[in-house]
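Shown below, as structure tokens, is a lone chain in the form predicted on its own; questions about how it binds or moves come after it.
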């Protein structure tokens, strides 16, 4: 054993650290098109003290560190671009507290979406959380730190807006708490203390989130989804504005895709409704379908495809097309709702140029304050040509997002460079100062948000 491997084993024990090539290989790539990069070591801690010791070791020896949650990110965000130590956080999966009256949960960083969902259903059936529609093993901390959205985004905003407090290990090993937990034992609010949170959106380049408190919401007894369709993309912003104005829906998603063929060119709008009584549900349906969308139906501009009760929580990732070989990646962006027609047309054009069936999706965030758009490009991992086409399509879409005045969501290295080139110089300089202050040796996920 070399000195670093022995030191890591002393921290977590020999069974939870490895430098074996077959195990490093598993951690060298993600589901997207990023080139594989192997770490030198993989370690799986089970406590904040162990993470603290690992970061102090890495900082002394100037070894790169990459934190990993569920391992489901795309765009190479957790691929160890400079090697070093990859920290697999999945063992830190305790649900520490659920406060039913104040509606919040305190979790460790490895808690998955499915884990919290099943826990709440069993122990606190009156509560729920905003699920992103990612695979069930995706971690809650991972979603929050990339400013993820969820199926309650339409009324409540980004999931990162729902944080009450954080515990973070800084690159130099200090443990820092933010929110009410910083002045007491309770985790109920992130306000009104001075906001010093510089850990969201940074891809683990400023520290490792080890615990978090997030807001929970009432779990309604009845749930279902209504489907509406139009063939004119220009109508979608107007429809979304009217739907969000009612404040009756939990989630609103607009999408168009080439597969199956009969849906090609149609704009689908799914509206998720929740209620505690049949009377409440009927009232919401009447306002949404009759009062709000009725004019489009009567004018022949749209069609109501019906309402389905009891559906599972929406899996937005299932709107994507998958090729044989199992690869896909998408460009996400945050855009105003009125950009939907342009986003649809551009996404379709780029997809067809690269012989990829198009998928364009938009989820309302807040009460129509913005949309999270996604252009999905599938590829076959066994066919380098399809990977090349997907990568070119992704880069072209990043360019278009910036040209349209949007903000690329969880950008890869190419997208990060586009943003940094256009970033306000004073903002870029402030980011540089923050990074230097928190991570003086530049060990945290190097290659991402490389501020120069």
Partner chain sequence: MYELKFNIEKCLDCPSQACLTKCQYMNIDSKTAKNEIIKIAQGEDSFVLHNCVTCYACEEYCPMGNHPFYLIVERQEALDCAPVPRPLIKRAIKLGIPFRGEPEIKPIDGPALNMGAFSELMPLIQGKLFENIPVISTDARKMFHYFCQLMYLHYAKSSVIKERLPGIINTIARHKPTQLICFHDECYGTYASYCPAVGIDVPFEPVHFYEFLFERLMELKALIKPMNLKVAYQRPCSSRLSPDKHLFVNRIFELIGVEIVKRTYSDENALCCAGTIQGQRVEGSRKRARELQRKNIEDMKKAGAQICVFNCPACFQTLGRIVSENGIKPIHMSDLCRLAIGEKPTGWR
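Please read all numbers here as calculations on a predicted model, not as lab measurements. Positions refer to the first chain, counted from 1.
Here the subject shifts to the form predicted in complex with its partner chain, a form of this protein not shown in this document.
Contact with its partner chain in the predicted bound form holds for none of 218, 248 and 292, as no heavy atom of theirs lies within 4.5 Å. Scanning 342, 174, 238, 301 against its partner chain in the predicted bound form with a 4.5 Å heavy atom cut-off leaves one residue, 301. A heavy atom within 4.5 Å of its partner chain in the predicted bound form is found for exactly one of 114, 96, 200, 229: 229.
Shown alone here, residue 192 lies farther than 4.5 Å from its partner chain in the predicted bound form, counting heavy atoms only. Taking non-hydrogen atoms only, residue 121 never approaches its partner chain to within 4.5 angstroms in the predicted bound form. In the predicted bound form, no heavy atom of residue 182 sits within 4.5 Å of its partner chain.
Contact annotation: residue 264 falls within 4.5 Å of its partner chain in the predicted bound form, judged by heavy atom distances.
This chain is displayed without its partner chain, yet in the predicted bound form the stretch 277-285 from 277-285, 99-107, 161-169, 131-139 comes within 4.5 Å of it by heavy atoms.
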